[in-house]
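Two forms, one protein chain; structure tokens for each follow separately as structure 1 and structure 2.
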Structure 1
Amino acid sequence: MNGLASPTATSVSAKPRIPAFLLNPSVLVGGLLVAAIVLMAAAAPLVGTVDPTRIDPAMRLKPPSELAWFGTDLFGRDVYSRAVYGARSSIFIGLCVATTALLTGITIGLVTGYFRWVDAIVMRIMDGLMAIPTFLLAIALVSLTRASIATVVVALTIPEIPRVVRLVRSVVLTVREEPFVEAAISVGTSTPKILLRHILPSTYAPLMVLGTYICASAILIEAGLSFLGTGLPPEIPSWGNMISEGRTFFQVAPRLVFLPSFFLALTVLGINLLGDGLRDTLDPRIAKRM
């Protein structure tokens, strides 16, 4: 009796198991960086900012002071406030592009991978979309409509959808031959239930990694488009707009470029670290080697 542990003692001593990805240093560091940027964007009015669109010609290109921590730009706007509010634009666009591309790509990829007769038609369309350069598509959409957040989101989402479709399709082609899928078919399970309950869960791990890549890529490309003048309107606080406006006065006031560039690099670094960490822990082949 003494050598046997009681069920009560075993249940008390048992500790909840921490998910493996939470123990990955890349996930922790990347997650903290992303959380800090998101928290800063959400609490922008509470972190010592002023109206980022307020123009004051008398304060034009003023050096850092108590009133403007990182000085002012060529229109007298507070650089720090514009950089903090610019995080809202970048994060919103990154999340919208990633979410839209994932939802659309999952739907098309599931149908394409499961129904063989759809595969040849849809994948040729996806190949054509992948051949469209993102920058040229954005320039074309802006010239046909007008510069706005919606235009940028559409321009960045269209080239990303084929990548999601190809990933989901490859998973579906593998999983649909598994015994549990064949068993579900044999008992008369409807096609939507097979796709959503049996096949879709197998795509979660690679899609989480791909989603972080799409989000980081969208933030970078949006900054590049705004820098070229084909992204967000100049009145909207954006890191790309700030870098574009500050490049003319870089030798006089390099802070106009350094601060938005720092926030941009920090955000993309955090998202990439998070994606790399998730890949290392969620990919069974890499996890075994680790």
Structure 2
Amino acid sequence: MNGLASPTATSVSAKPRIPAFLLNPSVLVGGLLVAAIVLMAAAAPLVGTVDPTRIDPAMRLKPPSELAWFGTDLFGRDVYSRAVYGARSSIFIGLCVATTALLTGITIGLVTGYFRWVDAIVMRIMDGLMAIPTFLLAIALVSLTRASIATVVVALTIPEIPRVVRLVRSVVLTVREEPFVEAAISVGTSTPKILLRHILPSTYAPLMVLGTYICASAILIEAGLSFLGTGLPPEIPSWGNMISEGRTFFQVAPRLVFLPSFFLALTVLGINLLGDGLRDTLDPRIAKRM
């Protein structure tokens, strides 16, 4: 590529190859963990479980046996089955919250990037929302309504939106100054087209990473809410609910707390590893924006 070479394009053939991020060990390990847990959640009825909500007073607080691999809880429900089914609630909530927060955040972020006067107002509101610690805002929101999956999703989404808006906006503000955007302006491209064609694609990589973090954070906060008794209704098998119910018997039967805790930590670990790996391979500068 030095100056003496003929000015015809040196051919760097664009043959199909494995994207670099798939080869990152963090992405691999995290991805496999997440895949395993998603698979387990999807195939919950097939992995040696029984009805996770069946109450059997005769079987209360039984130690592990061949019938119940991790014993039974206070109501005689099978701990293993509940933990497996609990993956469904966590993953569903994580995905819902991440998707809704991202979509809402992108919309608000792009609109604020476009209309300067909206920007001032929206950013003040976002600053205000960011000032309320996420967990407290979520807890206050769920406590207003009767607990259900939908209200938990809404309550967890609202505090995450400002993070997405800020990220989108910071990308918009940076990319807006790039010479290739000026070049697009000077060939007469309209502002909405510039936003969608030249600026929006730059947000995909950081948003993908932020999405994984939101997903992990939503799963953690849902578990925290359920742990405090303000999250999902107690009959829904969820890891937070199980830990909450088990904590009274922690000293006699720590397994009631440890099994769901293990699943919970493993899931969040997988998602976090995936997110870190994506961040490092897609664009290390992303870290600075979050």
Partner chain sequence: MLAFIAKRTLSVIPVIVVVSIVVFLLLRLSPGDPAVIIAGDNADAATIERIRSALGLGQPLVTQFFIWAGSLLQGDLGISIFSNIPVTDLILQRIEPTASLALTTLVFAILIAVPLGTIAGATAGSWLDRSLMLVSVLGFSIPVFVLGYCLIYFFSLQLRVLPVQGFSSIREGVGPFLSSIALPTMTLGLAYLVLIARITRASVLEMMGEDFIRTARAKGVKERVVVTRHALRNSAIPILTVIGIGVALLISGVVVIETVFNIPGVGRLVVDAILKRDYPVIQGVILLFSGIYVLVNLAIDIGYAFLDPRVRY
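As the structure is a computational prediction, the values presented were derived from the model and not from experiment. Along the sequence of structure 1, residues get numbers from 1 upward. Rigid core here is just the name for the largest C-alpha set that superposes within 1.5 Å across the two forms.
Between the two isolated copies of the chain, the form predicted in complex with its partner chain corresponds to structure 2. Remark: with the core as the superposition reference, the CA shift of I91 between the two structures stays below 2 Å. Comparing the forms between the two structures, the C-alpha position of R176 differs by 2 angstroms or more, with the core used for superposition. Here A120 does not count as shifted, since its C-alpha moves by less than 2 Å between the two structures after the core is aligned. Here the two forms are laid over each other by their core, and the C-alpha of I185 is off by 4.4 Å between the two structures.
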